[in-house]
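Just one chain is shown here, as structure tokens, and it is the form predicted on its own.
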Amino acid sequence: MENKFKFVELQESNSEHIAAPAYSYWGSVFRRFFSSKIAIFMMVLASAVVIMSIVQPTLSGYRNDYMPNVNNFSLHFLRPSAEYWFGTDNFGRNLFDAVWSGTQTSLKISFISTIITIVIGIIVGAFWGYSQKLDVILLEVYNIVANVPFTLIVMVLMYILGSGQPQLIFALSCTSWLSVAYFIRVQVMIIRDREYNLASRCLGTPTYKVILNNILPYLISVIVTLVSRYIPMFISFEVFLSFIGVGLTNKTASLGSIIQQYAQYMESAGYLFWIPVTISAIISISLYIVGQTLADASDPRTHMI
């Protein structure tokens, strides 16, 4: 009778094999992010706005100091149409060109301010979380600055420095990095003393590997959360400050300056006011939702679900 069984030798290495699928951190991040239809829609919407703000001013050749012939009354206050998608203003200027040029300026100010704030905050916060001597000094500085309203600090700095994009970027990022540094400091202090980090040090694991493998994946979600919060916040601050006349002037097209300039026509020609307000709201909401969804997807703890 033919033997139907085959003898298999015992291999000790097989007993150490873990029956689990291969794990990829970034693969899990993107898989979880793209599972949200709302986040995908908002990402497409935000991308379209950013692309338009880059391409449209280049194609139109719009200049912030451009002032057409004010005697051409035939172009004054034309409502949105197929020829003028956003209508024209009291000088006959095409609002479509002005809005996208202003969006470009607002996004540039917001992105640069966010980069400065996040980079300085992360670097200072990392050292702050490990150094006890630095902790004593920065805690006192933080307690003083945190008790002063951020809006008041920015307004005072703008009054002192004057109007302009560099001045506004400096005013927005001058003290905002301190809040980021404090938040990072708390996260570093929590993560650095966890059991697996202590075990890694006891086993002789190099410090850079502990940081890259044990700490950084947990801080990525924190950093993304901060970025998703500060970009819309800085856009809102730019719009608010320019609206009250403290930020950029009407000579520089930005969403805030456009809204401030056309606020007087809210009733007679409401499209001049509400269209840039709508664009500002779309940017803030879409970037916030995309950032928050990406922050949740970046948290390794959500990959276990």
Partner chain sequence: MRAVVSLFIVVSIAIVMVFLLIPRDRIFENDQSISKLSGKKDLLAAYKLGKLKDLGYLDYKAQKEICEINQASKDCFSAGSSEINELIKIYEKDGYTINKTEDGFYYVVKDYKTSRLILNFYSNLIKIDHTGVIKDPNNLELERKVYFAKDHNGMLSIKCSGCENQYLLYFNGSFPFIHQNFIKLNFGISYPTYIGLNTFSVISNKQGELKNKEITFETGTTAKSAINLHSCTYKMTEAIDDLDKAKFVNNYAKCTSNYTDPSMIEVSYIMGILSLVFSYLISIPLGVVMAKERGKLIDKIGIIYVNLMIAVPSLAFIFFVRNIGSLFKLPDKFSQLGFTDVRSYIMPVIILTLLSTSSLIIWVRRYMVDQTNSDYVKFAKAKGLSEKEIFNTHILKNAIIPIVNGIPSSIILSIGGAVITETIFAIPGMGKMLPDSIKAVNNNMVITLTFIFTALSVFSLVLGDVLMALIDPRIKLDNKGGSR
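Bear in mind that the values here come from a model prediction, so they are computed numbers and not experimental data. Numbering follows the first chain given and starts at 1.
The form predicted together with its partner chain exists for this protein as well; it is not shown, and the discussion that follows is about that form.
Interface residue remark: Q132 is not counted as part of the site for its partner chain in the predicted complex, having no heavy atom within 4.5 Å.
In the predicted complex, its partner chain lies within 4.5 Å of some heavy atom of I244. Heavy atoms of P166 never reach within 4.5 Å of its partner chain in the predicted complex, leaving it off the interface. Within 4.5 Å of any heavy atom of its partner chain in the predicted complex lies no heavy atom of A46. Stretch 231-239 is the answer when you ask which of 118-126, 191-199, 231-239, 80-88 has residues with heavy atoms within 4.5 Å of its partner chain in the predicted complex. Contact with its partner chain in the predicted complex, defined as a heavy atom within 4.5 Å, is made by all three of V148, F273 and A281. Counting a residue when any of its non-hydrogen atoms is within 4.5 Å of its partner chain in the predicted complex, the hits in 253-290 run I259, M266, E267, F273, W274, V277, S280, A281, S284, I285, Y288.
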